[in-house]
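Included below are structure tokens for two forms of one protein chain, each presented in isolation as structure 1 and structure 2.
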Structure 1
């Protein structure tokens, strides 16, 4: 068995975008060749914001299909849905007792998301989110957690919780580290000072499902000059080109940017074509997978069995350590 364990999750919130792909999913695909990998759909993590119950299940299946269409192979990686394994919730409820609530109030994501609401109105799930994430991670004892850099603080918190637990009950958990790609932060098309995120709105993102005409249209509106001298918009588009186009094309535009001869209309057109070509086989595979939901469910069920066998071992060890089960 490979020596290193990798684990990561993505929330099923609808269409994944190229930020999710370059910051996380593409890395998952590369990692599965060399490591023992667990990748899951973090459906319990998708409940702390507005959602439509009628859409959620379809979004879970959609995310599973995206994982596989993008190259995750269920025979090499364990792919599962978080809410189907009670161990995640059980460990989260347990670990919550070993972390001061102040640590949770300090989380940037909590402050950003809760800050928009009147004090006290943010739901408790938003505050508790990093504890659940720590449980997700620690159940599988991964060495690395591949995520975009917005998740660093949450992975750090899982190390804090592991550290507190180990100190009190003896060595139980290893301390997981984040693993970034070369693009841990793809920026928004319309506001390149912010990370590309669905919460900003559809036109800020290039979605993995977008057809070529939509990609062309969104890119034609993308901001290149932010007026602050940073060139953040243009840099972001060049970065995308580097990942989606062939090496020579990317080099040509990089050079033109340096020499200040770049024509942004050309860049946007070339990029639109490169991304559309890149996404086409992924979109086709995804459509085929979604046409057979029973088969997807079978794959997820097999993944859940594999994941649960690992999760249960950790949970038993934890329950023994804290005296909820008899020791050996």
Structure 2
């Protein structure tokens, strides 16, 4: 395995949006050219929020198809589904015994999400989420974990858990580092003070599956400003234009914003065309993949075999260290 290994996962909770694409998928595609990469569909992590069991499998396949349609190559990256490798759950249960529970209660994501649920009714999976994430990471001994800054705390906890285990049982885990790639922070179309997120509602997001008419309609409702290009909403649209339109077009609207001559109706129409044109080949490839689910499952199965060969080595070493398997 190359000296530098990358690992990351995305939860299958519905259609991915352009924020997911620019913030994660696009970078994954670039990373696979330079590193040994493991990218997984984090379906176990998708269970600690409300979900419809009848839709979950379709969401798993949809996420896998999006990965590949966006440019991840199963021959260069190991793409797999988390729940299909028992080693993830086995290591998570093991590691839970070597981390003080206080570390979990102080996690920012737990406090935020638990606060939104009924008092005292936050599920245990929400609290346990960082332990499972630590297992996801440590199984593959990655050098770097590409994350947004809101996930730094989870990688740090993985390092803490690895440190606790190594101190007690000897060197076993490497200490993964966060990888902050240059990713744009895409904001909600209707509330540009918040990151684009499915939880805010469909009109806040531009989904990767949205047809041109839907993209045009959503952008027509997007928040801007009074015309000087300084508002958060206007900056968000100009950011999207920079990534989806050609350089000259993006520069033209940037100059208009600085000169306070920008026409937001023109900007929104131009942006809608640019995003629709950009997403068209991704959408077509995804449609073809989903039309042949058996082939998609074959790709995931092959990825699972490759991932499991690495995960089992780590798990075996851990079980030997703690006495659950005979030593060398």
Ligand code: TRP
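Predicted, not measured: the structure shown is a model, and the values here were computed from it. The term rigid core refers to the most C-alpha atoms you can superpose between the two forms while keeping them within 1.5 Å. Residue numbers count along the first chain shown, from 1.
Two forms of the same chain are shown on their own. Structure 1 is the form predicted in complex with the ligand. Positional change of residue 195 between structure 1 and structure 2 stays under 2 Å at the C-alpha, relative to the superposed core. With a cut-off of 2 Å and the rigid core superposed, residue 236 has a Cα displacement that falls short of the cut-off between structure 1 and structure 2. Relative to the superposed core, residue 179 undergoes a C-alpha shift of no less than 2 Å between structure 1 and structure 2. Core superposition places the C-alpha of residue 321 2.4 Å apart between structure 1 and structure 2.
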